[in-house]
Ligand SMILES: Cc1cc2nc3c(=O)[nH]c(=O)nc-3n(C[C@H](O)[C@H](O)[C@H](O)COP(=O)(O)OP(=O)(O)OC[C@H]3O[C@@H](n4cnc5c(N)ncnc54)[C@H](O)[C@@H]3O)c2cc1C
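Read the single chain below, which is given as structure tokens and is the form predicted on its own.
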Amino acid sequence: MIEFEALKPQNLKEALAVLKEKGMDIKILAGGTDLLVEINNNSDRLGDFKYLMDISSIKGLDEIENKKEHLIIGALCTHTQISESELIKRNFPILIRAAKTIGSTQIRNRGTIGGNINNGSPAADLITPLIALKGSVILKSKNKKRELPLQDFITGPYKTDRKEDEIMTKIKIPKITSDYQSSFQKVKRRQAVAIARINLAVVTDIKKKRFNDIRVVFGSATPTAIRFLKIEKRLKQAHINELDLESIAEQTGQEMVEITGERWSTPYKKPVVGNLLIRALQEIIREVQ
């Protein structure tokens, strides 16, 4: 059984002061849907820690702000809060779709966007659309604040660039025009609350029936969620009515193998990533025709 001392700071300033003093020995608790399970299971990923700091009631970290060029989502916003936000629905419907696929109602009511990102799971359902939307994270310590693209923040499976004295306070997403279309796809096991075996986010701007800008991000197919740049290059400026879907699917699977190498799961995942992308492209094309 893991033993620790529970801490509950009253505000962000107090939380950052505690991290400055004891950061190396602290685990941060927000919704707890991942961390509490790991503690209960004595997960090896936890490492050694002496304190569990609950930041769930810190005011100001659960707000969604509408700025001129960006939308700001507080790190303590729950998946339910995101899925029910009219502001997010108007700007980034792909986030609504992804948030609604997460776990059960209870998990969506407790789990937070900050926790989903900080856990660093390759299968995290919000990370793929956030990378496709070119989102960044804002991290604060007692004396500093920094902003980092989400793609750079995730450094490996269950690993991030968050420093021991930092708290993620906000997620920042640049607004896109109404010309952009998006699709979120997910393959999971039979259980209703299962995590993704593979997920995919596609965000694209179509002009004159050509993909003017396209971002293709897979999760769980590779060690971390990542853009498939080669297939993006192929699709950019391609005419939506002249796509060789079979060839696109084959190239997508091959790009995955180039990133991961041959693994025991490759025979399963290679055709699935191609088929998921085709499904996403067909969904988007139906919307614009």
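Start at 1 and count along the sequence shown; that's the residue number. What you see is a predicted model; the values in this text were computed from it and never measured.
Below: the form predicted in complex with this ligand, not depicted.
**Q** With the cut-off set at 4.5 Å between non-hydrogen atoms, does I240 touch this ligand in the predicted bound form?
**A** Contact with this ligand, no.
**Q** Can you tell me if I176 lies within 4.5 angstroms of this ligand in the predicted bound form, counting non-hydrogen atoms only?
**A** So I176 does not count as contacting this ligand.
**Q** Indicate whether this ligand has at least one heavy atom within 4.5 Å of a heavy atom of G135 in the predicted bound form.
**A** Result no; G135 lies far from this ligand in the predicted bound form.
**Q** How about G115 - does it come within 4.5 Å of this ligand in the predicted bound form, if we only consider non-hydrogen atoms?
**A** Result yes; G115 sits at the interface with this ligand in the predicted bound form.
**Q** Within 4.5 angstroms, counting heavy atoms, which one of the listed stretches 64-72, 248-256, 23-31, 223-231 is next to this ligand in the predicted bound form?
**A** One stretch meets the cut-off, namely 23-31.
**Q** Which pick from N91, S83, S141, N119 sits with a heavy atom within 4.5 Å of this ligand in the predicted bound form?
**A** When this ligand is considered in the predicted bound form, the option within 4.5 Å is N119.
**Q** Looking at I131, I102, I154, V202, which is the one with a non-hydrogen atom within 4.5 Å of this ligand in the predicted bound form?
**A** Comparing distances to this ligand in the predicted bound form, the residue within 4.5 Å is I102.
**Q** Though the partner is not shown here, which residues of 119-133 have a heavy atom within 4.5 Å of this ligand in the predicted bound form?
**A** N119, A123, A124, D125, in sequence order.
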